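This document starts with one chain, in the form predicted alone, laid out as structure tokens.
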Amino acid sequence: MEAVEYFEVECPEKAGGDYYRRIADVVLLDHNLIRVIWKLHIFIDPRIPLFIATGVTRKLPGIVTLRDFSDVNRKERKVTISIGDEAYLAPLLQILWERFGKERVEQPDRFTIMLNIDEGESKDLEDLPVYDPSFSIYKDLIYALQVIQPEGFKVRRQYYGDGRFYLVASEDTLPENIEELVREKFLLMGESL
């Protein structure tokens, strides 16, 4: 398992900073997120009160397309999709129903889907994006940061995407210069938002 390249907890009280570092270690290990985080900076100041966690992820897995887990065979107006991995069946069916309508999508068994579509509609079907694993990873990261943040910090702002994420939380309203503070924490890691 690769270690996090940069991991700092910034706190005006050394004991509080050490405590939050241990909490963050345990939570990230429990949620199996250490392997996806490349850099993480946590700022906590109970006097303000303010919690800022900024981070950068390692390269995440790419989007899963239809060709990654199935074969597509065309014969006139019938397209048969042979499923090799059921893990993506539910999201695939949802996408096909939305795209072609439920009346044109048949599923005779759990490894076969038949579409009643013309040749133009089936063009590039193999490249159909079915699942984006980064979405669930970012969702898990934000959830873990909410577990790490102090109890009672209910006012939040969060962001994830493009390999970056942050969570800002407070008991009170967030400071007006919060975007500037977040950018400063990214700069401490040698990164930009």
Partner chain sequence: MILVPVTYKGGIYRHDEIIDLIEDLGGYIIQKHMIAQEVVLQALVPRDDIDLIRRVGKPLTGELTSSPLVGTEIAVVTPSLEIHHLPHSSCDVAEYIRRFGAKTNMVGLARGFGKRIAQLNDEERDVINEHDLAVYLLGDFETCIEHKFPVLRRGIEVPIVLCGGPSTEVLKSIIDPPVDGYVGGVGRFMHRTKESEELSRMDDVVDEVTRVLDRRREEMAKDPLSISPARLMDILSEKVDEIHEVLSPTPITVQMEGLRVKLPYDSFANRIRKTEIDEGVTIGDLADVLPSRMRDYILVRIKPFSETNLMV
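Quick caveat, the model's predicted, so the values are computed rather than measured. Positions refer to the first chain, counted from 1.
Although not depicted, the form predicted in complex with the partner chain is the subject of the following passage.
For C11, a non-hydrogen atom is located within 4.5 Å of the partner chain in the predicted complex, even though that partner is not displayed. In the predicted complex, the partner chain sits within 4.5 Å of a heavy atom belonging to R47. In the predicted complex, the partner chain sits within 4.5 Å of a heavy atom belonging to E151. Not displayed here, the partner chain is kept clear of Q158 by more than 4.5 Å at the level of heavy atoms in the predicted complex. When the partner chain is considered in the predicted complex, only one residue from L60, V27, L128, I63 comes within 4.5 Å through any heavy atom, namely V27. Not one of Y6, L187 and S192 places a heavy atom within 4.5 Å of the partner chain in the predicted complex. Exactly one of the stretches 161 to 169, 64 to 72, 33 to 41, 138 to 146 approaches the partner chain in the predicted complex with heavy atoms within 4.5 Å, and it is 138 to 146.
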